[in-house]
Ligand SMILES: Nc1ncnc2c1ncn2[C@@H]1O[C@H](COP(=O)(O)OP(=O)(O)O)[C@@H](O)[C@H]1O
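As a starting point, one isolated chain is supplied in structure tokens, in the form predicted alone.
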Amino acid sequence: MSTLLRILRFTRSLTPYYLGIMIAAAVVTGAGIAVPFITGAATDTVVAAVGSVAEGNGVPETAIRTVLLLALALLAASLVETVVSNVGGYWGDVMSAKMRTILSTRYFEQLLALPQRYFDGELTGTVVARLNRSIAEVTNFMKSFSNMFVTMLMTTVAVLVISAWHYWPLALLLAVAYPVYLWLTALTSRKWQRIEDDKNRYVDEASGRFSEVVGQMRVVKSFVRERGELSHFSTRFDETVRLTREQSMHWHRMDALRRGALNVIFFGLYVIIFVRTVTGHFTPGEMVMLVQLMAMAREPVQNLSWVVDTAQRAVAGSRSYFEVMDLDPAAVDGGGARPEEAPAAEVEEGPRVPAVAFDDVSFSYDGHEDVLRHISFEVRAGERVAFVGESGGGKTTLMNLLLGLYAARSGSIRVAGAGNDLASLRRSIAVVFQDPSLFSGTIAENIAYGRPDATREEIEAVAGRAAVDGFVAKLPNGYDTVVGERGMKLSGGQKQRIAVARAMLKDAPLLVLDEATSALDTKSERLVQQGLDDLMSDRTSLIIAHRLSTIAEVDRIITLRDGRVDEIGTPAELATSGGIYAELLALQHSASKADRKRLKRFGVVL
């Protein structure tokens, strides 16, 4: 019930639809309940007319008119039921679509608010599967429940009142049938939901792996892993089959018990009706009416089983949905959130004010062992600073902290002019990653991703500076060419040049280059580097570089060793200090395999 109420609170804007559906259901139920009374009256009229004919008195004058009016009443009830039920069905369809939109949008909004740490532990396919499965189960239940709830409630109350009016033991037996059936149904819930949770987990795992494989099909085929991936996928669904057997056996065993108990109770009801009719306490018309009412009463009881079944699926499905919705982004990130800065307009700027400052920053991915320890440094406005250290030494982690993708465990990070929230911070930073991460739109849309309102002239201008225009001119649709999912239709160099153009168009005061050319061939790297040089002009730049030639051209170098700042200085200063950078300069002249391997540990090439 709490889950149902929470869904209603989440979708309170749909209240008019809920009310409309319930009113329509009430009208349909009223028309349905009228039918036994009309049929009973017609039965008594027909029996009386037949008796009159049998006694030789002929057909009563009013009999034919009465049965015709009753037939018209049946027609009217049927038409009302037909029209109103379809109106309610229309409202139900619209309500279901709106509910899916609301729940899906809020889920996506929550995902966008969650920090990177959450996604580090989740498969993309699992996140997507949770959206499809959970919300579908919730919306299907709410649509059906809103249609059935009033019908079941009104039918139950009406039948109990009418039965009590005619003969109170009938109402007593019915009053016993409902709780007994519901109690027997509730006995199955705990085990059923536990198994359903396990099934959902296996389905989500399979869906997550499915999305991974589809996204990396070239890797799968290259390593001839098709059969292995298929086996991994089918094994998860085989587990759902095993669990379904157990779940279904339990459910249907209990269903046989429930329905058996219900059959015994209704046997008693029919015996009472038939005996009292034979003994003259009920007329034939009353008997027909009561038998039809008992059939109507049986339907809500049996529907309880379906409602409970569907509700359990909705509860089990919504549990994973609300687990995500209940996450506190700050708590997921592990605390230590970036301290609030003054709004951009109030931040003092000038050559003596650092553009970026890390003050005693420590960070841990798992909350235990720090990967960064007491990091402190400043970067002046317009300065180019390179970060050097062994692979896995924390260089990329520093950039992630700067972008606010993770929160520092301790210490503070300041960015001049960044404003007082993460959105403002990220607007002040342009990033070119090693993986360009394009979206499945056009080339123009990808370039303008950071500035969707950019004009075509602005897009083409930065494309020329980033050497994008050269290959775009050869494409049949030019800048309107669709690049495919993750830019699969383009080469690595083409994608990276688009990423550089994207950063140029954003025109942020702070630039982060995270090994932006390390995955490119020499020709592509040369073209991209020209664009990067243009991009870094008159801009504060933080660079994780993989070539010594690039590192040598920066203003200062910050070296990292074991998660700590080891040295800070100009290339000339660090070249003779005996530290990491000096070691790299010495290794570049060596031809030994050991020294070459040592260079690779730093992610550096000549």
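Quick caveat: nothing in here was measured; it's all calculated off a predicted structure. Note that residue numbering follows the sequence shown and begins at 1.
Beyond the structure shown, there is the form predicted together with the named molecule, which is absent from this document and is the topic of what follows.
Contact of residue 390 with the named molecule in the predicted complex (heavy atom, 4.5 Å): Heavy-atom contact with the named molecule at 4.5 Å: present for residue 390.
Partner proximity in the predicted complex: residue 181 to the named molecule, non-hydrogen atom cutoff 4.5 Å: No, no contact at 4.5 Å.
In the predicted complex, residue 145 touching the named molecule (heavy atom, 4.5 Å): No, no contact at 4.5 Å.
Proximity of residue 244 to the named molecule in the predicted complex, heavy atoms at 4.5 Å: Result no; residue 244 lies far from the named molecule in the predicted complex.
The named molecule in the predicted complex: contacting segment from 70-78, 287-295, 393-401, 159-167, heavy atom within 4.5 Å: That would be stretch 393-401.
Heavy atom within 4.5 Å of the named molecule in the predicted complex - the one residue of 434, 96, 320, 155 that qualifies: Comparing distances to the named molecule in the predicted complex, the residue within 4.5 Å is 434.
The single option of 109, 453, 457, 120 touching the named molecule in the predicted complex, heavy atom within 4.5 Å: Result of the distance check: 120.
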